[in-house]
Every structure is written in structure tokens, then in C-alpha cells.
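In C-alpha cells, the next block holds one chain alone, the form predicted alone.
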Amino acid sequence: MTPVRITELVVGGFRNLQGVRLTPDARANVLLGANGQGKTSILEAIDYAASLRSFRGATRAQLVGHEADAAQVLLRVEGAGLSHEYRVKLTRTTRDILLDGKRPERAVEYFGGAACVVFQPGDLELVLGGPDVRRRLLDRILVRVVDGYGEALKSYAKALRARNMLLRERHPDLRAVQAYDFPLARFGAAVVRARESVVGELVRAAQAALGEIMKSSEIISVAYRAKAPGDQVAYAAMLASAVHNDLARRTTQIGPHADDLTLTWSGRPARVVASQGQTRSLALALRLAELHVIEGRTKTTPALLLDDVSSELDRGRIERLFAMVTRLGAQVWVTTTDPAIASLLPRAKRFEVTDGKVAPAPPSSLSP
């Protein structure tokens, strides 16, 4: 497997970050500093350049610093003997992206080259939250590994919005509503098929990761619950039979926008029976499974971004996680307030983050 290596990061005007220029280590990097200084924002900038989404759910306007007119991120990566340059410029209303100096034509071309996997405190919602959080997990994987998936997802969302707008009119036109059944069935069935194809890999990888992190034999199950079939003809027939119900409820009820990825722990719903520690471990296992699936499909190991890991896992699980990451060969980025955590990665390059600025960590911050 060829790891994705971030070789340079330049950030300005993104959140509170100004004048950030990092040349990271190829294997491990630790960002040290007090809360609120910008450590998470550095990871967010990396992942935003790679995925064009904020893992904190922020809008473009929120990503641009209060005193800045625009935010810019430059990310240089190497992998499989190739180097790529990602440039993203944001204003509060616009976004310009360049891959190697050109506008990318295909989603998989852009998202595949700088794959990152992020584990952060909000990932507890993968277990405890609603279906939309788990759907995003699947979509984040598939846009990187299935050619055309990003385009199908975008086209489906566009048709769904248009159909729902018609359904919400005071006197909906039935024929106008049904005109969207073909694009919904075409793109929706493609989304369902792709999601179903990846679940088996995801559950096997999550089970293996959970066993290694927790040293537990508990059995987890991950199942994709689709409201519509992956066959386009059957999907269209289901839409036709449900149209009067949709008119009554004023929304499209079937399709991948309503599907769920259900999680069970020893046969019971994980969100109900898992303890707080088990929930954290399961969320981490899902993220490591994300890495594994991308690696297996692309033969490239994504960079792993671990935000505030010391608040999410106990020391034993952190040690086992770092050992696992070392074996994988992934480039890892860790944010923490605790120098003792940094000591668990003794060969890591350490940076200190203070008020949006980054500098090499002084020797006094390197020991627990």
C-alpha cells in the first residue's frame, strides 16, 4: 500500500489561522497547545482541502476568519510516485478549487488523491446520532473509491430538491412531480447499489479494529437499511406507487436520503446498550474501517487526523491505536493539550499552536 503523505501545508485566513506554513514529518506529527488556539482548525483546513467539507459542519462564511476577506489553503501531497497540489480559496459566498493548477473535472479525481480520515469528538454521533451522520460516512468513503458516485449523489440531491419543491406547492402538479421519477430512480438506484457494496467491507474492518483497540470479543453488526431498491426499474415503480402518499405528506419519502446504517452491539442497538467508552471505541473503529476500505479499494493509505484524542480515549487505547497506525504506515496528525500523549509518538514532529500561529515546539513542551 502507498501512504498519502502531506508534504506541505500553507493556510491563511481560515478560522483564526494566519501565516501557517508547515513542512510535516512523513509519518507522525503532533500539534500541542491549549484549547482554543487553532489545533483543530489546522486539521479542519487539511481535510477541507481534501474533501471540500468541514468535519465540524461549518459553512463557508464560518470558515473565513472574522478579520479576513478570504481564506486560502494550499496542500501538497505525495503518493504512488505522484505529487499533487490542492488549492482552495474561500470567501463568505464563493469557493474556487484547483488541482495541480486546473479545475478538476471528476469528483473521484479530486477526492482520491489526498484522502484523509478524521477522528474527532463529534464522531460519537456516528453511534448516538441520526441516520444522516452515518449516511455521510458511507458517502465520504464512496466518493473516493467509486468513479461517478459523487456525480450520482449530486444529481440525485438536485432532482430530490426539485421534486420536493413541487410537492410543497399549494396545488402540486402530479405530472410535474412524476417527471422527476426517472432521474431519481436512475441516480438513486446507483447510490443504493454503491452503498450496499461497501457495507460488508466496512463491518469486517470495524470488527477487527474494535477487537484490537478494546481487546474485546463483542460482536458488532453494521447493516444498510435501504428504503428503495438498487434496481432502477423497481425503484421507479416504487416511486410511482408512493406518489399519492408523497403528495399527502408533501415530501419524497423513499430513497437513499431516508436510508440508515444501523449499528448493533451483541445483537442490541449500540446507541442504547454501549457505554460511553464503548461508544468512543466503536466510533473510532468505524473511522479505522473507513481508512481500511479506502486503502483496500485504492491501494493507497489515507492520512489519519486524530483530533483531541486524549479526551476521547484512555491511555491504553491510545497506545494500542498508535501501535496500529504505526503498522499501517499512515501519516498521522494528532492534536492534544497533553505533552504526555505526544511522548507516545517519540519520533513525531511536534508543533506548538498559539493564537492561530504554529511554530516548532520548544524542548520544554516535549516531555510529560
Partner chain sequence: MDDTGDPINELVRLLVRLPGVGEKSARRIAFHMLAAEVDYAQALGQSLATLSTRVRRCASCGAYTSRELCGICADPRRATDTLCVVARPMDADAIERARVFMGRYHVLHALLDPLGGVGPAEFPLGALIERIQREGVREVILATPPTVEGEATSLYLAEALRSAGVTTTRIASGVPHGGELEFVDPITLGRALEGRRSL
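Numbering follows the first chain given and starts at 1. Predicted model only: the values in this text are computed from it and were never measured.
One more form of this protein should be noted, the form predicted together with the partner chain, which is absent from this view; the next part is about it.
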Classify P104 as contacting or not contacting the partner chain in the predicted complex by the rule of any non-hydrogen atom within 4.5 angstroms, answering yes or no.
no
Any of the heavy atoms of V133 lying within 4.5 Å of the partner chain in the predicted complex?
no
Flag F187 as yes or no: does it have a non-hydrogen atom within 4.5 angstroms of any non-hydrogen atom of the partner chain in the predicted complex?
yes
Even though the partner isn't displayed, in the predicted complex is R175 close enough to the partner chain, meaning a heavy atom within 4.5 Å?
yes
Going by heavy atoms within 4.5 Å, which of 146-154, 90-98, 71-79, 113-121 lines up against the partner chain in the predicted complex?
146-154
Scan A162, A242, V199, A234 and let me know which has any heavy atom within 4.5 Å of the partner chain in the predicted complex.
A162
Go through G211, G230, P183, G129 and name the one with a heavy atom inside 4.5 Å of the partner chain in the predicted complex.
P183
K158, L166 and A179 each touching the partner chain in the predicted complex (heavy atom, 4.5 Å)
yes
